[in-house]
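A lone chain, given as structure tokens: the form predicted on its own.
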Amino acid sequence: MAKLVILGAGIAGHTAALHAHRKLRGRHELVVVTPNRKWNWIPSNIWVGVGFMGVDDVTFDLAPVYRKLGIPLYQARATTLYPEGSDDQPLPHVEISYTDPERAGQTEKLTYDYLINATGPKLNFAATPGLGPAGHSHSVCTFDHAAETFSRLEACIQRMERGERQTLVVGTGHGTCTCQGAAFEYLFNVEYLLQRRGVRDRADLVWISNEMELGDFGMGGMHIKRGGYITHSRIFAESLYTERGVRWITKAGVKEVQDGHFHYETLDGQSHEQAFDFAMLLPPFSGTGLSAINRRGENITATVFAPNGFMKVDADYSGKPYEQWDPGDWPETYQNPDYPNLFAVGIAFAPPHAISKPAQSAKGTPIFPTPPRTGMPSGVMARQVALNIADLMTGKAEQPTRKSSMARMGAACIASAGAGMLRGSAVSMTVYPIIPDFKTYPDTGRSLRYTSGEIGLAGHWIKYLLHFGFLYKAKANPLWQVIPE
């Protein structure tokens, strides 16, 4: 009997576990390791951050789901990989440190035949001095961060209700952040809430981002064909920001956050300061800190992981200049090139390069988005990897046969722009492919037929219904598998 260990039970890891269990049930062993007791539907955290939903609406306990499925669940953090085994344990294994209260701090070594790294990101607030809940800004990256952020936002709104004017800043808190879409959603949900509470006229809303221009979203923007005209997402975004009265700062990297103001640098090398009464600034991501040791006890972390801490997979990491980037640089099977029984999915895999064009300021500071790879792409690649490993474990294949390159993958995204059941709105977008392919689509990099964008109330309702659909799926309720990633 072979053994599959999955590190992480977020969107990618949990999806992989569900599909692996469906294929391996009773024939091979499946184990899941996660430091968190609760599963969190992260896309809805932005609604927790404006009070539209509570923590219990976006989370549930993982243990009952895994008991129902018969999958051993270890509440622990993976610390060290031994892909060649070690002197005291010759089989490949991973060392874990328990995080559940009963065994906190205890360690154990779990052997594996195959391993999926779905550990997600470390929220690297330390990259910017003063950034984050422990500093002077707020976050919606986790459900508890989002709940605290709403309490601080509510205090600002109450001051506005008493007649005070407030400056609210939303965006990215470092020059190399990703997830601009989540910040975009939070910005416009805040704007909608201020309107609903009748204090919009007392708020100055400011957007700050490391994007080259509005509508980039970390994927170089996109072109949409509407009414016979081809329009870039920059025009679409600028129209929305102007309509909602939001001032924007782009090509900017936040350098330090202090109480009531922060300093940022722009691509021209100039330094600026922005005052605020409330700031929700997303952090950059890095790997979770997994290290790797070979059979001789030598540290091989730099072999298995990229410098940012994410695991290397079947991608081109040669560091080619931007002009030579190609869709073929992106991974297809998410298999580690040195240890073929190791895989990484979701944010845990190291992208070969950015999607947006890289840039640095006149002082040499990198200011451009790192690649988004959350949500739908994470789920799709996790499913394909889980099915590939199931085939390997059951003898149906000798190597991965299913591929899920982001260069040949489409994605659908619904970005909330106001959580109101009657007057809310959301931007509904599709993009194909995620990674621009200028050889196939010379003018735009993407198919105009399968790339689209609309905003309206219908989008909000779809996002709201999808929230419940994905929670239903994640709980492994009957027919969960018919709900797509």
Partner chain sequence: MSTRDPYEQSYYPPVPTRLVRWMRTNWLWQFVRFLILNAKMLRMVRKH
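Note that the structure is predicted; figures quoted are calculated from it, not measured. Numbering follows the first chain given and starts at 1.
The form predicted together with the partner chain is left out here; the points below concern that form.
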Any chance all of Ala411, Thr430 and Pro484 sit within 4.5 Å of the partner chain in the predicted complex, going by non-hydrogen atoms?
-> yes
Only one of Ala458, Val55, Leu69, Ala63 comes within 4.5 Å of the partner chain in the predicted complex by heavy atoms, so just point that one out.
-> Ala458
Would you mind picking the one in His145, Arg383, Arg77, Lys255 that has a heavy atom within 4.5 Å of the partner chain in the predicted complex?
-> Arg383
In the predicted complex, segment of 22-30, 42-50, 414-422, 55-63 with a heavy atom within 4.5 Å of the partner chain | 414-422
Consider Asp204 of the chain shown here, and say whether it contacts the partner chain in the predicted complex, taking contact as heavy atoms within 4.5 Å.
-> no
Contact between Ile235 and the partner chain in the predicted complex at 4.5 Å, heavy atoms?
-> yes
Does any heavy atom of Arg196 come within 4.5 Å of a heavy atom of the partner chain in the predicted complex?
-> no
Could you confirm whether Thr365 comes within 4.5 Å of the partner chain in the predicted complex, counting heavy atoms only?
-> no
Contact set, 228-265 vs the partner chain in the predicted complex - heavy atom within 4.5 angstroms = Ile235, Glu238, Ser239, Thr242, Glu243, Arg247, Trp248
